[in-house]
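Next up: a single chain in structure tokens, the form predicted alone.
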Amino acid sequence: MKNSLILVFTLLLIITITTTCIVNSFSVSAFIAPVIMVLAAVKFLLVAFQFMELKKAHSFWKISLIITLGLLVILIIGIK
């Protein structure tokens, strides 16, 4: 249990640092926003499943969260 928490925390730090490097190294483009949104969605799912104990919830809640997040990301990327 403790190893999985450390692993997820490390992944969150790596994704955050990667996002920061992407933002600082590239100029504004249409390619950067979707990449950042996908990384943010991955971070959200990691936090939801690991730290909010959603992995123990009913499968309906898991699927509904993933579908809602996917639709939200697609909607935001589509508007941009």
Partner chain sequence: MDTLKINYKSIYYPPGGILMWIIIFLELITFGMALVAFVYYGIENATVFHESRMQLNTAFGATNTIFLLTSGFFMANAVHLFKENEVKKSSVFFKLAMLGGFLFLALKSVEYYHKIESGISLDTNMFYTFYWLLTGFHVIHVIMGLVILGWTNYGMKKKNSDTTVEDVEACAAFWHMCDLIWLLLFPTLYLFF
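Owing to the predicted nature of the structure, the values given are computational and were not obtained by experimental measurement. Residue numbers count along the first chain shown, from 1.
Another form exists, predicted in complex with the partner chain; not displayed. Remarks below refer to it.
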Does the partner chain come within 4.5 Å of any heavy atom of Phe51 in the predicted bound form? yes
Can you tell me if Ser25 lies within 4.5 angstroms of the partner chain in the predicted bound form, counting non-hydrogen atoms only? no
What residues of 61-75, in sequence order, lie within 4.5 Å of the partner chain in the predicted bound form by heavy atom? Trp61, Lys62, Ser64, Leu65, Thr68, Leu69, Leu72, Leu75
